[in-house]
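A single chain comes next, written as structure tokens; it is the form predicted on its own.
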């Protein structure tokens, strides 16, 4: 128990280090953008009406101070961390003067729900069907599913998303292709709202599942195909152990361990795919918010989204890392 506690403490320190390094990199990259939020605000204001040069200069000075750009970059960096620990990342340019973190918190549940649902579906169904395909290698249905998985797996998520839009939005318009819920539905925890959210999430989720499930299916099938040749599996079969018991207790259970590691390694890629899918379907999540912020030069929102994404992905990997020694006793925790 003490060894596992020290293992968890080391991983926790690594989590803090990864988050600190990632957020610091996001800060400097976002501040190297040639698009200035102050210039964007002044461009918007001056485009709507005519102001005197003195008023423009006063506005520029005020906005520069408000966004903290009136000090050197190193001091902006220190000020950022001072605000970050209190949950204040500054005002947003997209919805000035709404705090950037508030916009992120509004969009986060949409991305979290979509990402969590698709990861669970992909990982569980892909691994279970892949395990069955590796063990029952002559099953016709599983062979056909494998052919489909091989065909879909190399296709990028956004290509599948565009095909879904064409198929279900134009050729056979039975599903919504834009938004997160129907416009005539009130936002509240009611059956009508929940069903509307699920209805609008079908195509984004389907675009992620069609590609993702094939990846886990093929990986699990390859692992099980190798495990079934091991001596302990052959001995269990000769000893008369029932085949379902061999499949789930001996084969799939052992093959799940490397798949758990693969899940931790691919979480960042899954999150980036979700961001692109959200933009294709105008889904009200972090992806849509991030693209809007980049286009508008809203470095505050860009940095807020990046920081939350880094923390979320790193924390998920941290949790999987802690679960790994529990599922695999061979992992040393000293």
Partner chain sequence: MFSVFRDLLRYNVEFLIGVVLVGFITIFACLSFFAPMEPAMVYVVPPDQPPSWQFWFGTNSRGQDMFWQLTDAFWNSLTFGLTVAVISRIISIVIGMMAGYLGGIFDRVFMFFADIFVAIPIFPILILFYFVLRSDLNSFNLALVMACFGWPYDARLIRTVALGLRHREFTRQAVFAGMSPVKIMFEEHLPYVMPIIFSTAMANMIWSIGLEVTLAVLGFTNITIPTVGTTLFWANNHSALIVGIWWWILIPVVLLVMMFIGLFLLAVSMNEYIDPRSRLRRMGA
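Positions refer to the first chain, counted from 1. Owing to the predicted nature of the structure, the values given are computational and were not obtained by experimental measurement.
The following text describes the form predicted together with the partner chain, which does not appear among the structures shown.
A.B. asks: Please tell me whether the candidate spot formed by 119, 183 and 191 is one where all three residues come within 4.5 Å of the partner chain in the predicted bound form (heavy atoms).
C.D. replies: So, no: the whole triplet misses the partner chain.
A.B. asks: Give a yes or no for residue 218: in the predicted bound form, does one of its heavy atoms lie within 4.5 Å of a heavy atom belonging to the partner chain?
C.D. replies: Because a heavy atom of residue 218 falls inside 4.5 Å of the partner chain in the predicted bound form, the answer is yes.
A.B. asks: Using a 4.5 angstroms cut-off on non-hydrogen atoms, would residue 323 count as touching the partner chain in the predicted bound form?
C.D. replies: Because no heavy atom of residue 323 falls inside 4.5 Å of the partner chain in the predicted bound form, the answer is no.
A.B. asks: Using a 4.5 Å heavy atom cut-off, state whether residue 282 contacts the partner chain in the predicted bound form.
C.D. replies: The answer is no: residue 282 has no heavy atom within 4.5 Å of the partner chain.
A.B. asks: Should residue 276 be classed as touching the partner chain in the predicted bound form when contacts are defined as heavy atoms within 4.5 Å?
C.D. replies: Close contact exists here: in the predicted bound form, residue 276 approaches the partner chain to within 4.5 Å, heavy atoms only.
A.B. asks: Within 4.5 Å, heavy atoms only, one stretch in 199 to 207, 221 to 229, 78 to 86, 107 to 115 touches the partner chain in the predicted bound form. Which?
C.D. replies: Correct option: 221 to 229.
A.B. asks: Ok, 166, 124, 187, 73: which has a heavy atom sitting within 4.5 Å of the partner chain in the predicted bound form?
C.D. replies: Selected residue: 166.
A.B. asks: Could you run down 144 to 159 and flag each residue that has a heavy atom within 4.5 Å of the partner chain in the predicted bound form?
C.D. replies: The stretch touches the partner through 150, 151, 153, 154, 155, 156, 158, 159.
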